[in-house]
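Presented as structure tokens, the chain that follows is alone, the form predicted on its own.
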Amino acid sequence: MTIFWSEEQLRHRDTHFVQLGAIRASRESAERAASIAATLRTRGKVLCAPPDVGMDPILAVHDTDYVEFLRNAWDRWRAEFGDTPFGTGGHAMPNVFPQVPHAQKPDLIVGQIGWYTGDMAAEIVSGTWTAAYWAAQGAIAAARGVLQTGRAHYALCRPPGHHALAGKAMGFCYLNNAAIAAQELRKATPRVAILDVDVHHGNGTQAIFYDRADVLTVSMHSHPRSYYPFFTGYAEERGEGAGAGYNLNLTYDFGAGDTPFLSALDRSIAAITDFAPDALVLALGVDASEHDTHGRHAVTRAAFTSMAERIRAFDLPTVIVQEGGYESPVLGHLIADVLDVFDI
């Protein structure tokens, strides 16, 4: 197994999000990513920098205007507000979102941040574009490695990606790494399945492939009636048009432990088996862990290993892309345990 990670991904740092009405330090921190990388190394993993293959695979998934916004947003923010309290003491976050079907994109950067983000958990800082770009390069490299070797490859993607839509950032996510990897796999394989095991619904991934039959998207997650992202991730969301029947959401209750989690996994595996894909993208979130204070669920380390073993039994070319999972004593070890199962 080859593991892809770039130190450039640490440049998105010191970010914030709004939680319960307060601006707080983001749980998706540079320190979190560095800790995962360090633990993987202590577990004997070798981390490789991905090559820079440019923008085309990113633009195969994301809207051109959105990508251009991400590339330039920080410089525009500083140019507009750099000598005022808004730039020096504030945060590059929106104060309003479009609310009506006929909404039009404004010119001012503070308005465009509202246009191109879906919530208050996607602050843009000086290193955001660079970090997101190199996270995507890792996903691309992993997909290409899988196509070349047939063996599992892992991308330590940070920032994560599964909440990012084709034209919006949200939920700590800017570029949808799992979707980019799946689209890369599609260049050489007719049918790809994405299995998202993060505790949060992979709403961005769902939206990107919602009208397609060549990519099955399966997300198993805490029920959105009482959990982020709240507005998507329900069972009746099955796809539309050509994609009708090719999107599946499987939920468990808030605070769930091993049994509901693995039950949702078994139903996911059954759906993927029926789809009979040629390759798999595993969107690996470990924030359902009992040790994850942000995820607030109760899945044990042993259950994550069991999850990996059941997915490994597909014996498919597999790209593993990191999603959530936040600071805890076992965070890096949970990920390393999963990788050990695939690295045989």
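Numbers for residues come from their place in the sequence shown, where the first is 1. Fair warning: this is a prediction, and the values are worked out from it, not measured in the lab.
There is also a form predicted together with another copy of the chain; it is not shown, and the following applies to it.
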query: Residues 118, 232 and 296 all lining another copy of the chain in the predicted bound form, heavy atom within 4.5 Å; finding: yes
query: Sole residue of 209, 77, 134, 252 within 4.5 Å of another copy of the chain in the predicted bound form, by heavy atom; finding: 77
query: Residue (of 145, 243, 260, 224) lying close to another copy of the chain in the predicted bound form, criterion heavy atoms within 4.5 Å; finding: 224
query: One stretch from 151-159, 234-242, 172-180, 188-196 that, in the predicted bound form, holds residues within 4.5 Å of another copy of the chain by heavy atom; finding: 234-242
query: Heavy atom of residue 104 within 4.5 Å of another copy of the chain in the predicted bound form; finding: yes
query: Exercise: residue 73 in contact with another copy of the chain in the predicted bound form, heavy atom 4.5 Å; finding: no
query: Another copy of the chain contact at residue 213 in the predicted bound form, heavy atom, 4.5 Å; finding: no
query: Partner proximity in the predicted bound form: residue 96 to another copy of the chain, non-hydrogen atom cutoff 4.5 Å; finding: yes
query: Residues within 4.5 Å of another copy of the chain in the predicted bound form, restricted to 9-25 and counted by heavy atom; finding: 18, 19, 20, 21, 22, 23, 24
